[in-house]
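Here's a solo chain for you in structure tokens, the form predicted alone.
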């Protein structure tokens, strides 16, 4: 049976890649998309989620709009310098025919998990506000959740939103600290591993050769994304961020994992930093009693790219 997932997302070019990757993988059943601010404002992310499902020929999959701002702070603004003003590489697609469902994303996550207790995984690709809200609304939700897999954080490498923090966690560190404390399996696919999975120029050029709507859409988006990475890193390649979560679900054997409790810095210049416990942590420290998080720290990058491209080529 396919593994059931619900994707919390802020589409986003790399979100689009992850969503399409999941939809094109028969091993996964996408129950719905929930939207949050991040790469764009929430309203735009909702429009993009509906558009992406329409492109993929899956307008039957529901979309629920979620939080417009972090739990206890303000939203610092969209990453349009990375993803374009529309979050989709400035392609400015027409609106989708479908509309979002009339329930908040946090409640949708609860309903999705409780529709098949113990068998639904939450895949979070943006700031963790919706997921944290679901946990606050339903404190026993972890007991019924198979796993939370999130793209975010940086355990042992520098951040990308600041020297200390990765962008998704930086956007709502209070929510992230709640999620990392959930009493269910939590897997962190952060910069430690996504910096090791890279699509080369040749890899990216292959999208235009695949005769399906999802790949052709990615081919239209990728010039914007490639331009950002060339400006930042001086390379003709991209780091594979959000779709690393899907690769983990499909091929966990490709990854190296450390299991450690994680706390998140919520204030100051290190706001958003994800701190794993170490062996010298005091027994009465802030990590005491926290569940271990599966931190992805390394991967077989070329193989992860190969299996992802294989999904798009089907």
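Positions refer to the first chain, counted from 1. Just so we're clear, the structure is a prediction, and the values are computed from it rather than from any experiment.
There is also a form predicted together with a small molecule; it is not shown, and the following applies to it.
Using a 4.5 Å cutoff between non-hydrogen atoms, residue 151 counts as a contact of the small molecule in the predicted bound form. Of the heavy atoms in residue 172, none are within 4.5 Å of the small molecule in the predicted bound form. Among residues of the shown chain, residue 168 is one whose heavy atoms approach the small molecule to within 4.5 Å in the predicted bound form. Taking the partner from the other structure, the small molecule in the predicted bound form has a heavy atom within 4.5 Å of a heavy atom of residue 125. Across the options 302 to 310, 286 to 294, 6 to 14, 20 to 28, residues that bring heavy atoms within 4.5 Å of the small molecule in the predicted bound form belong to 6 to 14. Taking 107, 187, 215, 160 one by one, only a single residue has any non-hydrogen atom within 4.5 Å of the small molecule in the predicted bound form, and it is 160.
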